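Below you'll find only one chain, the form predicted alone, shown as structure tokens.
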């Protein structure tokens, strides 16, 4: 299955990264030698996307747009078009994704959270595309979570056993905690959606935290039996916290530069 478009929500205010994000958008914080958002666009391009729709906020969106337009194409991104769309109010991740509906139109699309960066050589988007049944099924990237993370991530409701890395899903719950979690499989920031998710996002009411939750739309897709999961073998790198940013910088730096640069 070929996916030509990716949606990258990047309108978060980065409160966990203050004071670094008082002026600089969280998506533009440097990880080794490039901003976090660029890793997501590069990942989408490697998976065959020709267009990346970046959801930005009113205050900092022009800086993100300028990064990709200033001085022509960036190396490796010559064949992908980066288009910003503004989320005028911070109404939740689901609302941010919905802001891209007009640009995506009736196409299936990847969705990548720029807080998370894939490890070198561990791309998951091709596996999501391969897992969609006739292009009619949305596919979520999953990881098995420990108890401490079941209160921090959306958790899916399995509808089958895992087979060759995939399983059918009946829904999902936002941040249920270990006592109420329907499984240990968490949503970790990489998705393949069919375009009907937009009609769901348009209608769902605010959920946890008073926000439009993407997990609630995923739950509705599951209730329609149009949802699958792919269990990734490795975790993504979380650059949305100071410790995570430090860890990601070391991992990515080691993969890019000569080993002797670092002393064990």
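Residue numbers count along the first chain shown, from 1. Just so it is clear, the model here is predicted, and its values are computed rather than measured.
Omitted from view is the form predicted in complex with 1-O-phosphono-alpha-D-glucopyranose (G1P), to which the following refers.
No residue of the trio 37, 53 and 111 has any heavy atom within 4.5 Å of 1-O-phosphono-alpha-D-glucopyranose (G1P) in the model of the complex. Of the candidate stretches 146-154, 76-84, 101-109, 132-140, only 146-154 has residues whose heavy atoms lie within 4.5 Å of 1-O-phosphono-alpha-D-glucopyranose (G1P) in the model of the complex. Contact annotation for residue 93: at least one heavy atom lies within 4.5 Å of 1-O-phosphono-alpha-D-glucopyranose (G1P) in the model of the complex. By the criterion of a heavy atom within 4.5 Å, residue 215 is counted among the residues contacting 1-O-phosphono-alpha-D-glucopyranose (G1P) in the model of the complex. For the chain shown alone, residue 174 is a contact residue for 1-O-phosphono-alpha-D-glucopyranose (G1P) in the model of the complex, at least one non-hydrogen atom being within 4.5 angstroms.
The closest non-hydrogen atom of residue 166 lies beyond 4.5 Å of 1-O-phosphono-alpha-D-glucopyranose (G1P) in the model of the complex. Between 1-O-phosphono-alpha-D-glucopyranose (G1P) and the residues 194, 127, 116, 183, the one pair within 4.5 Å by heavy atoms in the model of the complex involves 116. The partner is not shown here, but in the model of the complex the stretch 160-190 reaches within 4.5 angstroms of 1-O-phosphono-alpha-D-glucopyranose (G1P) through a heavy atom at 174, 175, 187, 188, 189.
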